[in-house]
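The chain below stands alone and is given in C-alpha cells; this is the form predicted alone.
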C-alpha cells in the first residue's frame, strides 16, 4: 500500500516536467523570432553576429543599412504602411460586420424556435470546419462568376463569411450561461423587445460580443490562405506582403515585422481580457 501511495507522489513531478516541456515547445519558436529580430546578420539570421535595432528603424522609416535590403524592402516604408493600412481596414470592417451578424444570429437561435433551427446551427459551423484553401477557392469562383472585381471589398466579404461563425460560437456560449429571468421581468414591466435587448440583454452578453470582435479582428488580420485567393491588384495585406518577402529567403526584416505583429496581438488579447473582467 505504501509503495502504491509513493508512486502517486511521483505524478506531480512528472506533470510539472511535462508542462514545462510543453510550454517550451509552444513558446520557444516565438522567443527565437524575437531574438533573431535583433540579429545584425543581414543574410543568415541563424548565425548571430551582433545586436542591432536597424531592422526596426528601417521599418519605421529610418535609414536603411547598406547592402542589407533586397528589392522587397528597397521600396519606401510608405509601402509597408500601405499594406498595414489595408490589413487594418479589412480587419476592422470584417470584424465589425461579422460581430453584428454573429451576435444577431446567436440571439435569434438562442431565444426563438423555428423550423430548421438545428440544421441552421450546424450550417453556421461549416465555415470553421471547411479547410481554408477550399473556402478560398470557393469564394474566388463565386466572385469571378458574379463579376466582382477582386480587391479590398472582396477580402472583407470573404472574411465576413467565416468570421461570423466564430462570433456566433463565442456569443452563443455567453448566452447559454445567461439568466433569462431579467429579460422576462423587463417584458412584464412593459419594456419592448428593443428596450429589453438594449438595457438587459446586451449588457450581459457584452463580454462575449467584445471577445468575438477581438477574435474576429485577430483572425482577419493574420489570414493568409483565403486572402491570397480573393485579393486583387493594389489590395495586398501585411500577411501577403510578408509571404512575398519570404520567397526571397528568411531575412531579419521579416522577423522584425513578425515581432511587431506578435506584440500587437498580445496587446489586443490583453485589452480583451481587461474589458471582459471589467464588464463581467
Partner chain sequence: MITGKTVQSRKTQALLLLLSPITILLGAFFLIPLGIMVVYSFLEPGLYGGVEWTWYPYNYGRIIGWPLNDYETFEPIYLSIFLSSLKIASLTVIFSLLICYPAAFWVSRMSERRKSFVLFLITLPFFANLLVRIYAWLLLLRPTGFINMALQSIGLVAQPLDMLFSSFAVIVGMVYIFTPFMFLPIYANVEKLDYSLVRASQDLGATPLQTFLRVILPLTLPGIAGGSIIVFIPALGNFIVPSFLGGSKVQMTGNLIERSFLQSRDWPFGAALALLIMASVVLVVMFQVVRSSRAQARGAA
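Positions refer to the first chain, counted from 1. Definition used throughout: the rigid core is the maximal C-alpha set that superposes within 1.5 Å between two forms. Quick caveat, the model's predicted, so the values are computed rather than measured.
Quick note: we don't show the form predicted in complex with the partner chain, though the next part is all about it.
Check your understanding: Could you tell me if residue 151 has a non-hydrogen atom within 4.5 Å of the partner chain in the predicted bound form?
Key -> Close contact is absent here: in the predicted bound form, residue 151 is far from the partner chain, nothing within 4.5 Å, heavy atoms only.
Exercise for review: Look up in the predicted bound form whether residue 40 has a non-hydrogen atom within 4.5 angstroms of the partner chain, and give yes or no.
Suggested key: Residue-level check for residue 40: no, no contact with the partner chain.
Exercise for review: Please check if residue 54 has a heavy atom lying within 4.5 Å of any heavy atom of the partner chain in the predicted bound form.
Suggested key: So residue 54 does not count as contacting the partner chain.
Exercise for review: State yes or no: in the predicted bound form, is some non-hydrogen atom of residue 234 no more than 4.5 angstroms from a non-hydrogen atom of the partner chain?
Suggested key: Although the partner chain is absent here, residue 234 would stay clear of it in the predicted bound form, with no heavy atoms inside 4.5 Å.
Check your understanding: Since the chain is shown here on its own, which stretch among 178-186, 202-210, 88-96, 159-167 would lie within 4.5 Å of the partner chain in the predicted bound form, judged by heavy atoms?
Key -> This holds for exactly one stretch, 159-167.
Practice item. Heavy atoms within 4.5 Å of the partner chain in the predicted bound form is the criterion; list the residues of 86-123 that meet it. Key: Read in sequence order, the residues that approach the partner chain (within 4.5 Å, in the predicted bound form) are 101, 104, 105, 107, 108, 109, 112, 114, 120, 123.
Check your understanding: Does residue 23 count as moved between this form and the one not shown, where moved means a C-alpha shift of 2 angstroms or more after fitting the rigid core?
Key -> Residue 23: C-alpha displaced by less than 2 Å between this form and the one not shown.
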